[in-house]
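In the block that follows, a single chain appears as structure tokens, in the form predicted on its own.
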């Protein structure tokens, strides 16, 4: 099995390359000249996209082809204070430059809208806000000129006291999304509410790939193990072949705070999972959600290649013998 590793949004190695520079709502609302404020937001967004491109170039230098963009590329977008503002035409060339680099070097990129994006909500205002956020992430990927291999990953959302009803509501609300939006979505199990099995069942209903988070699975257990569920999870990716299935990995910060992410990844649990699925999984992409970002990725690869059944392919990928 060939495994490629990626990381999330920020680099701990590249200095002064934040892709999430912003302005607070309070600061924006204090400005007397709203148009000047909007122009400043556009300049910040252009800088964020420039830094995203810098990170992609850094990734290429270290053989990293799996990467998640920051969802804060465009400051304050979607907030009521900037209602009616459309920065996309101004940023068109910046988005295209990022997308061209991704395509040129055959990278796999994604977004992960934040936890306020919940399609299981019973509140119409929250639903419309969630749909708007998913639409904006889709628009950014389209502005990059990327095909539907570039995904936005979301959670099902809250249970609101009745998990079965919330799941049904998610399915109903998912159907409201445009086909172009649905084609770019994946679903991930969360650490408190919807288990891997429950998320998988919703994925099978709506026909989207499932991103298994093995840390979440450890703190929010399913009736079956992640390895036992994997053949069904693998099937959800068939419609997107040859795109490899993707998982998320992180380690608990400590025993008293098991849901938070540690700086680095303990390879033991991940390796056990990968060994369990390797005989019937040719390719796997692993998104590292550790606090030390790309440093954690490099360290994890070094830890793994000490194992006798693991061979290093390059700085960010390995093969596991079966």
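These numbers were taken from a predicted model, which means no experiment stands behind them. Positions refer to the first chain, counted from 1.
Keep in mind that the form predicted together with the DNA is not shown, yet the notes after this line are about it.
Every member of the trio 24, 79 and 259 reaches the DNA in the model of the complex with some non-hydrogen atom inside 4.5 Å.
Checked against the DNA in the model of the complex, the residues 232, 108, 72, 248 give one hit for a heavy atom within 4.5 Å, which is 72. Scanning 220, 236, 121, 186 against the DNA in the model of the complex with a 4.5 Å heavy atom cut-off leaves one residue, 121.
Taking non-hydrogen atoms only, residue 275 never approaches the DNA to within 4.5 angstroms in the model of the complex. At the 4.5 Å threshold, heavy atoms of residue 158 reach the DNA in the model of the complex. Put simply, residue 14 is far from the DNA in the model of the complex: not one heavy atom of it is within 4.5 Å. With a 4.5 Å cutoff on heavy atoms, residue 291 counts as touching the DNA in the model of the complex. Per the 4.5 Å heavy atom criterion, the DNA in the model of the complex is contacted by stretch 111-119, the sole one of 139-147, 111-119, 208-216, 236-244.
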